[in-house]
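Quick setup: one chain, the form predicted on its own, written in structure tokens, and binding and motion questions come after.
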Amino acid sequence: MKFVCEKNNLLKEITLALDFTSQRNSLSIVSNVLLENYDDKLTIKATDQKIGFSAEIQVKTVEAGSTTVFCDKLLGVLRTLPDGDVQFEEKDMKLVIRPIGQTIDFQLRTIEADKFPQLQIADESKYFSIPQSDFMEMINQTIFAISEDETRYFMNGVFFEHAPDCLTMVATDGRRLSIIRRKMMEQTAQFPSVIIPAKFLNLVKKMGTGEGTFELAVTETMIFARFEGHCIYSTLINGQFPNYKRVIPESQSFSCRVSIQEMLDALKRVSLFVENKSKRLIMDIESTGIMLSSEESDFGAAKEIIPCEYEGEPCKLSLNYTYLLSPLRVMEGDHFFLQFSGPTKAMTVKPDPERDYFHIVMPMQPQSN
């Protein structure tokens, strides 16, 4: 195998491919990236057996062929090379890398291409198009609520559900829940309800531009995404996602309207004195405003009052402040509603005007004096 390509074109793809390899053992074939060179094209493939990646770039083929090389080391080499064309040639189980016109010579050990595992593929009939902006916003509105408790593995991803006129994403860690139902302008292929791992969604966020479309395919065990010359996939989480509809309050007694930016700023200040483990923040809600306060600690305490629109009875709520901070950071508009029925019942956080997403937060139990 022998080809010439522009360094930065290959560097971009190898940087992306690294996230799809296993770096635990440099001698393992799944720590390598597969390079397939033919007809002035180079196909780059990577997989750790749970997720997979493929991309294609233009090169000048001198001799067609394929091989695999340790992805992390190839990336390190490419980062050190000067800009310009680079020649790659496999000889005697080594990939020789020489920048054109330079006296630089790298040799990386290779493993035969036929030992590289086959990547998964989806039936073409399973694919449907979705705007990148829609899919990215659905991820942004839910991904922070995914549970990190590996013993509850069925919550370690986002629940993805198909309906005739919309797609739904839901995430929960048992103490909070985030949901978005996005209507689609075009018909989407029907698929079973699935749980998408957090890693796949983070990779989509990293690789996507938010412009154009994704082509998605969902089967009972896999999810695939194609966009801008890339194809990535992941195995799905096999488990029973909680019945999220039971958590959503049918009605709530009180509603408080607050500025998103004022609440964000106050949360950042008061949280400086919130205890790191519990992250407990106290909210005293009255018609005159919301008082945010931390509990007294060895370092001191913080207190701040921000204006609000509220006509109900005074109420004291305790909550993990990050459960309010995270959704407000991705919420559109200038104001939001905080809706509740009491200090121990679920709170709803939604934008004003209302959109196709909202967030549920379970308060902490009030502390006895």
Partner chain sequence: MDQEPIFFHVDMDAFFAAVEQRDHPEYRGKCLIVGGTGPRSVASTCSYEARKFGVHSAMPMTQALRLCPQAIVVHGDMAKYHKVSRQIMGIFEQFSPDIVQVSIDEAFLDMTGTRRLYGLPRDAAMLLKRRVKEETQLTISVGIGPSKFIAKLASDYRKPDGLCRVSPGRETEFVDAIGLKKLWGIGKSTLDALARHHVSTTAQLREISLDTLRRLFGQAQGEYLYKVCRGIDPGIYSGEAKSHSISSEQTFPVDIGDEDILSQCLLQMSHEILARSLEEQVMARTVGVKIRFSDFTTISVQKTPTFPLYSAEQVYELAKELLLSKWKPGIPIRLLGVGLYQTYKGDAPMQEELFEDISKKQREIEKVVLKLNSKGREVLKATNMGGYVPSVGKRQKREGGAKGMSPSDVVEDP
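Positions refer to the first chain, counted from 1. What you see is a predicted model, and the numbers here were worked out from it, not measured in a lab.
Just so it is clear, the following notes concern the form predicted in complex with the partner chain, a form of the same protein that is not shown.
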Candidate stretches 204-212, 275-283, 102-110, 161-169, one within 4.5 Å of the partner chain in the predicted bound form by heavy atom: 275-283
query: Taking heavy atoms only, is Val258 within 4.5 angstroms of the partner chain in the predicted bound form?
result: no
- request: With heavy atoms only and a cut-off of 4.5 Å, decide whether Asp149 touches the partner chain in the predicted bound form.
  value: yes
message: Since only the chain is shown here, I'm wondering whether Lys73 would be in contact with the partner chain in the predicted bound form (any heavy atom pair within 4.5 Å).
response: no
field: Met362, heavy atom within 4.5 angstroms of the partner chain in the predicted bound form
entry: yes
Option touching the partner chain, based on a heavy atom within 4.5 Å in the predicted bound form, out of Thr344, Thr61, Thr43, Ser28: Thr344
task: Sort through Arg181, Arg98, Arg269, Arg175 and report the residue having a heavy atom within 4.5 Å of the partner chain in the predicted bound form.
output: Arg175
message: When the partner chain is placed as it is in the predicted bound form, are Tyr244, Val247 and Asn320 each within 4.5 Å of it, taking any non-hydrogen atom of the residue?
response: yes
task: Quick one: name the residues from 180-199 with any non-hydrogen atom within 4.5 angstroms of the partner chain in the predicted bound form.
output: none
